[in-house]
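So this first bit is one chain, no partners, the form predicted alone, shown in structure tokens.
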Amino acid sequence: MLKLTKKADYGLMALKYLAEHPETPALSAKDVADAYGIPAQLLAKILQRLTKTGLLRSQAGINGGYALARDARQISAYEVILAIDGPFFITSCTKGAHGCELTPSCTIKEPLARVNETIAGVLKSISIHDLVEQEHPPQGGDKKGLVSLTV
């Protein structure tokens, strides 16, 4: 089963929260942690990592905290996950230059690589802005949020 790590999940939630509060120049890790019930110390480490990778900017001091470094429309879910967990692969055989010993007879490496590329493409197409809950979500048969993967 493919699933995000808790750290990546928390990172996405934090950036979503920051995007939902553009009127506030900077929010503390505690503000975000309290809003979602996330362990504050863990979230602080995640936010520091996101700052080091340039997705967030931090401000020290009494009114300090974190803010998005770019517009929420310009930050993809893929960037956040990559910054926190590094490159992701659905199978270990697609990692690095060292192939496995079954490479000559393997018939699934290329299809799985395409699945991996498709998932990465979907995550690259989802911005933090897309994660922000709209006050009035679209009604009816709008299928904008659905994703179809074809291998």
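One rule holds for the numbers: they count along the sequence shown, beginning at 1. From a predicted model like this one, the values you see are computed outputs, not experimental measurements.
The next section is about a form of this same protein that is not shown, the form predicted in complex with the DNA.
- Contact check for Arg70: no non-hydrogen atom falls within 4.5 Å of the DNA in the predicted complex.
- In the predicted complex, at least one heavy atom of Gly64 sits within 4.5 Å of the DNA.
- When contacts are judged by a 4.5 Å heavy atom cut-off, Leu82 does not count as touching the DNA in the predicted complex.
- In the predicted complex, the DNA sits within 4.5 Å of a heavy atom of Tyr10.
- Put simply, of Ala33, Leu27, Ile126, Val115 only one has a heavy atom within 4.5 Å of the DNA in the predicted complex, and it is Leu27.
- Using a 4.5 Å cut-off on any heavy atom, the residues of 44 to 74 that reach the DNA in the predicted complex are, in sequence order, Lys45, Gln48, Thr51, Lys52, Ser58, Gln59, Ala60, Gly61, Ile62, Asn63, Gly64, Gly65, Tyr66.
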